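Here you get one chain, nothing else, as structure tokens; it is the form predicted on its own.
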């Protein structure tokens, strides 16, 4: 479960991490001297006009995309950093990710420090230690998979979390964050799928919350807007893939990007589900697949036989999905 920005900042405040003064509104309350931030779960809000001065026009536009807007004080930012704690699945440990360059273009930054949390004493700049320790406590207490601050701003002689991105483990119940589900979200939950409706035009199916989040980010990087978050989970069956197809296509997206990294999930089963669904339904939109892992050769042969594009690179597949959505 991905928390909205204001929910993440409430947790930051609880754990002693400074955040800007702000309030959440559900109707138009004009305050042009402040910043309005649409509380959507999609990335690149700034580039989409969903972070802007809190004028009446801007807030009215944002409320067409979401039901809540965060209105905050403006910060006189002197320096932006990137800081996150996440789980290294291969090493099965929490790691620190840090960059001296934060903000909306962090995806293009090459010099990102990666350090196991257990070696925090080796972190090169001690002024970040207290914030990192607070993020770690939050992560442990709430079973978070990711706690990210981007940017972590230096303003007014202190470090302030100017944004928040927190993903909680869906396998752990978080009743305080129980959100009303749309009909499709409820249908997905009943089918054992993790699904969130978004407001874009590119449908997404992936396996693993981290991979799906990365997919949303790379689609945004290439200028696209995602229609949903859908995580098949591990070991997905042919039938589960067919159900996932049925759910994401009900929103009539412009294209579909399927991003699979097969471990316990078998690529051939995913391919069978895709081909079966496509054969039974009049699917007219472009379908782009990036697929690597268990039984990928058999899967790629089946997909190629049925005229479905397959890529090894997530970036290449995402770019193609965006191009097709724009046609």
Partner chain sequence: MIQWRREQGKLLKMLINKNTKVIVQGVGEQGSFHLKLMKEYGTKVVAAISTSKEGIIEGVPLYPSVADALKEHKADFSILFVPAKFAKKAALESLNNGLNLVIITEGIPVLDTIEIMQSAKEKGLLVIGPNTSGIIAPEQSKIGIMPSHIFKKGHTAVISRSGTLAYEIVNQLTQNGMGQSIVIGIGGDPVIGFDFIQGLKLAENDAETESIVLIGEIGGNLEEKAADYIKNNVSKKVVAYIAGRVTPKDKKMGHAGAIIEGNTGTADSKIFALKQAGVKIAELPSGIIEFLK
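Please read all numbers here as calculations on a predicted model, not as lab measurements. Numbering follows the first chain given and starts at 1.
This next part talks about the form predicted in complex with the partner chain, which is not shown.
The chain is drawn here without the partner chain; in the predicted complex, the stretch among 276-284, 55-63, 23-31, 254-262 whose residues come within 4.5 Å of it by any heavy atom is 254-262.
Checked against the partner chain in the predicted complex, the residues 216, 203, 244, 147 give one hit for a heavy atom within 4.5 Å, which is 216. Contact with the partner chain in the predicted complex, judged by any heavy atom within 4.5 Å, is made by just one of 169, 125, 133, 100: 169.
Proximity of residue 194 to the partner chain in the predicted complex: non-hydrogen atoms within 4.5 Å are present. Contact check for residue 118: a non-hydrogen atom falls within 4.5 Å of the partner chain in the predicted complex. The closest heavy atom approach of residue 10 to the partner chain in the predicted complex falls outside 4.5 Å. By the criterion of a heavy atom within 4.5 Å, residue 35 is excluded from the residues contacting the partner chain in the predicted complex.
Contact with the partner chain in the predicted complex holds for none of 239, 320 and 323, as no heavy atom of theirs lies within 4.5 Å. For the stretch 132-148, the set of residues having any non-hydrogen atom within 4.5 angstroms of the partner chain in the predicted complex comprises 139, 140, 143, 144, 145, in sequence order.
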